[in-house]
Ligand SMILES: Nc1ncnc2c1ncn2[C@@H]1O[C@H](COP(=O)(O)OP(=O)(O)O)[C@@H](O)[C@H]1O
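Quick setup: one chain, the form predicted on its own, written in structure tokens, and binding and motion questions come after.
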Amino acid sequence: MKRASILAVGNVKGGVGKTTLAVNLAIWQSLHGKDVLLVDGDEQGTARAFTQLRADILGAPGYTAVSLQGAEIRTQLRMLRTKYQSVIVDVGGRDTASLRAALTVVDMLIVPVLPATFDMWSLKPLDDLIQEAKEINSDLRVLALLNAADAQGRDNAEAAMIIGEKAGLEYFPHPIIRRKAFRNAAAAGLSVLEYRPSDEKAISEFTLFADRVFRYTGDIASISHAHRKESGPKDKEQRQAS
């Protein structure tokens, strides 16, 4: 099996909708036929609780979910990434050992941000964490987006400008608007893609983002797989020994 790419959804600021994004991304991959691992790295355990609700309603969630905390996120992810086609980590909400551990091993960090003053202030400590992590994980890529954003007004544009000034952040220029469909779907153990009656605007916004994320992470897996084929048995034995 190919070495799965790992993406984490996190921030040092809570209430930004990271768990909603994480579970929707996991279900997106599952609906596309991927063998998915969802890691709940948040002490609140919301992703795990959602998965249990989903299993109770549907019979099975369609993906595997585990809870990992602190340094075990780093050690376990290095092993688990070879057993799944897609690994998604819900982590953060504040500066924790779990978030710091995740940043050392993931390929991409997704940073949902609300277009509000306090959320903009939180980008500075997060950016500092990212720069520290890149000393260990030099290939770490960070994608920030406005989540649960306003449908209209200047706040989105002003927030986008502030995000764009952060050297460690890449900005996804299509906000996901605050819509009831995401809350209603979560309460039913579903993704916004599955919930009926469907909200086509919510689906379109999320699909645009998911396409962007998994196009990039798919490239990571392909490059990694090609590298292992070229490296040969000797290099493989050396990597296993290390």
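Source: prediction; values computed, not measured. Numbering starts at 1 and follows the sequence shown.
Keep in mind the form predicted together with the ligand is missing from the figure; the text below concerns it.
When the ligand is considered in the predicted complex, only one residue from 182, 206, 50, 28 comes within 4.5 Å through any heavy atom, namely 182. The ligand is not drawn, but in the predicted complex it has no heavy atom within 4.5 Å of residue 39. Contact annotation for residue 147: at least one heavy atom lies within 4.5 Å of the ligand in the predicted complex. In the predicted complex, no heavy atom of residue 65 sits within 4.5 Å of the ligand. The ligand in the predicted complex is not approached by residue 210, whose heavy atoms all lie more than 4.5 angstroms from it. Residues within 4.5 angstroms of the ligand in the predicted complex, judged by any non-hydrogen atom, belong to 170-178 and to none of the other stretches in 170-178, 31-39, 65-73, 50-58.
Residues of 14-35 that come within 4.5 Å of the ligand in the predicted complex, judged by any heavy atom, are 14, 15, 16, 17, 18, 19, 20 in sequence order.
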